[in-house]
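Next up: just one chain, as structure tokens, the form predicted alone.
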Amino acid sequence: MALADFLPAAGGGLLIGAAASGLLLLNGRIAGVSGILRGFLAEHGTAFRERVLFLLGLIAGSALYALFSGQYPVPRSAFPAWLLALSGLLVGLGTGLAKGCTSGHGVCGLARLSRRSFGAVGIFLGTAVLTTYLVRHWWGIY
């Protein structure tokens, strides 16, 4: 892997860490995208505006990266839409059961040395590895 391949990921990681640190230092809140999205759908008032800004920042960051790098997302033509929808539902179910997502547990929880987050991240990663293996090698979908 070349250094140029590593820099966008490192920059993204720094921005995620800065956003999570800023939210914790300024508002005393843990940054978890699933919780922010859930609150976006259920709350109104000051917290609602913060959630909208956070979600818009996620979208704007991705759009800016695509604009400046020239690397636009390309849909996978061979990936079945029903499997994508099922995957999204299972991720939502998993984050609900774990009371947080990869950003909340993986970025904030691990940094706070939370035992629950270590367990959740281990389960997330193990499930991702197993699912990728099954989808690619058993079902032949790339």
Partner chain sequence: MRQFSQFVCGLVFGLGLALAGMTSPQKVLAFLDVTGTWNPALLFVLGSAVGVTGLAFHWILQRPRPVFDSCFHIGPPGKIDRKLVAGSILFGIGWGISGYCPGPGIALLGAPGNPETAVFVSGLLLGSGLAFAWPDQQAKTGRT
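Numbering follows the first chain given and starts at 1. The shown structure was predicted, so the numbers you read here are calculated from the model rather than taken from an experiment.
Only in words, not in the display: the form predicted together with the partner chain, which the text now covers.
Is G28 one of the residues lying within 4.5 Å of the partner chain in the model of the complex, judged by heavy atom distances?
Yes, G28 is a contact residue.
Would you please decide whether P73 lies within 4.5 angstroms of the partner chain in the model of the complex, comparing each non-hydrogen atom pair?
Yes.
Just to make sure I understand: among 12-34, which residues lie within 4.5 Å of the partner chain in the model of the complex, judging by heavy atoms?
G12, G13, L14, L15, I16, G17, A18, A19, A20, S21, G22, L23, L24, L25, L26, N27, G28, R29, I30, A31, V33, S34 sit within 4.5 Å of the partner.
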